[in-house]
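As a starting point, one isolated chain is supplied in C-alpha cells, in the form predicted alone.
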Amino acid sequence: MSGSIQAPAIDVRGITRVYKARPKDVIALAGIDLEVAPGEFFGLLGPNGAGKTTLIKILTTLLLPSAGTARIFGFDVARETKQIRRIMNMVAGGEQSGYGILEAREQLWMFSQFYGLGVREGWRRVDELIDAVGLGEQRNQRVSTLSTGQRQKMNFARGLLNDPWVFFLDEPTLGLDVSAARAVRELMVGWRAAVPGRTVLLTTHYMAEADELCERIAIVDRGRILAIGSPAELKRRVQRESIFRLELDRLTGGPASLARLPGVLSAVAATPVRADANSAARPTVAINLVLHQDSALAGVVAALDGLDAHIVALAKSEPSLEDVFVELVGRGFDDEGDPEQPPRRAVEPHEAGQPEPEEANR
C-alpha cells in the first residue's frame, strides 16, 4: 500500500453532504474541516441530526461527499476505497451483524474470509481475538443466545480481525449495562495502546465516556464543528469564573466576611457535609466561593488566618462536558429529528459504495 503512517490518520477538508429530499434538501454536513493524528483517541459529540453518522459513513467509504475531500492515512475516500477498507473497521452500538444460527467462532471465521484472511490465518486470528475480548466460554455458543454485552464483544472481535489502523466506533456502548460498557471501554483502550499509531474515532452520547477516553473532542451541530479541543480545554472555554467550595471549622461573621475581599465575586453558605452519626467530629461551615480568578484564593486564605478559621476541605468546582455541550449547542441530544436518516432512495446506492448519478459526474 502507498499510504503513509506519517500522514494524518483522518484529514477532512470542506466536506459537505446534501441529501435530496422534499420539500427541501437536507444539509447533513456543511463544510467540515477536521484532522486527527495517528495514535489519537478522538471523539465526536453532538445531538441527533448533527451530522456525526453521515461523517463516519463518508470516512468509512459507505457514502460519497457532495463536496470536499477526506483522506484516511493519505488514501482518498472517493477514489481509493479498497485501500481504506483494508486499514479501517467500524463497530456500532446495537449492531446485529451476521447470522444468529452460527456459533460465535464460526461467525467470526466467516467475517475473516470476507476480510481476505487465509483459512489457517483466519482461524488463528479468530481464536486469538475470542480470548482477547473475553469470550472463551462462549466461543461455541450460538450467536442468537449471546447476551447484549457478549454480542458487542463479538462485534469488537469482528472489527479487529483485519488489524485496522483506524477504528470507527459509533455509539459502541449503547444499551449496555454498566459492567458490559466498562468491558467494552477497556477493550478500546487496550487495543489502541498495544501498537503505536492505532487511531480511534468515537461518537457517543455519554459525556463521562468521552471525558474518560478522548484526548480531543469535536462538538458538532447542524453539520458544523462548533468547538474542538481536549476535554480540559473545552471546559475552560465555558468557565468564566473560578468556583471553590470551602469547608471551615468556624467563620466569624459568616460568608459576608469573605464576600468583601478583593477578587471575590460572591460567597454564599452551602449545605455542609454531615458528619457520621457515630462520629464525634464537629459540624463544619461550608461556603461556595466565586472568584474573579484562581489567584484571588491566596487573599482568602490569608484572611481566614486573621479570622481564626481553619480550612477543613477545599475543592475547585469544574464544569463538565455536559455544561460545555449545553453552552454551545443549547439543546439536548434528542430534541430534534435526525436528518442523518434521509429518504431511503438517497442512501441505497452508497451502501454499496457506488455514487449517485448526479455525483458520478462531479
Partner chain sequence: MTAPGAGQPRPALAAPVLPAFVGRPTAGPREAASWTPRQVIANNLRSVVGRAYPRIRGLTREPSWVLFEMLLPFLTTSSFVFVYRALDAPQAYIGFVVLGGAMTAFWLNVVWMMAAQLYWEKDQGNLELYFAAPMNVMSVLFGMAVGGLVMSSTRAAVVLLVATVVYGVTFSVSQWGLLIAVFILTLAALYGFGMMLASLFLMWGREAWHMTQLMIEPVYFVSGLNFPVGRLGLLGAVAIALIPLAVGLDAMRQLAFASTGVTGTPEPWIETLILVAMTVIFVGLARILLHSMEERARREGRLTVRWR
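Residue numbers count along the first chain shown, from 1. If you're wondering where the values come from, they're calculated on a predicted model, not measured in any experiment.
Below, we refer to the form predicted in complex with its partner chain, which is not included among the displayed structures.
Asks: So, residue 256 and its partner chain: in the predicted complex, are they within 4.5 Å at any heavy atom pair?
Replies: No, no contact at 4.5 Å.
Asks: Taking its partner chain as it sits in the predicted complex, is residue 35 near enough to touch it, meaning that at least one heavy atom pair lies within 4.5 angstroms?
Replies: Residue 35: no contact with its partner chain in the predicted complex.
Asks: Is residue 158 close enough to touch its partner chain in the predicted complex, meaning at least one heavy atom pair within 4.5 Å?
Replies: Residue 158: contacts its partner chain in the predicted complex.
Asks: Indicate whether its partner chain has at least one heavy atom within 4.5 Å of a heavy atom of residue 109 in the predicted complex.
Replies: Judged by the heavy-atom cut-off of 4.5 Å, residue 109 is in contact with its partner chain in the predicted complex.
Asks: Check for me: heavy atom within 4.5 Å of its partner chain in the predicted complex, for each of 236, 264 and 304, yes or no.
Replies: Verified in the predicted complex; spot residues all out of contact, no.
Asks: Partner absent here, but in the predicted complex, which of 243-251, 123-131, 221-229, 286-294 has residues with a heavy atom within 4.5 Å of its partner chain?
Replies: In short, 123-131.
Asks: Counting only heavy atoms, which residues in 86-119 are within 4.5 Å of its partner chain in the predicted complex?
Replies: Contacts from 86-119: 86, 87, 88, 90, 95, 96, 97, 98, 99, 101, 102, 103, 106, 109, 110, 111, 113, 114, 115, 116, 117, 118, 119.
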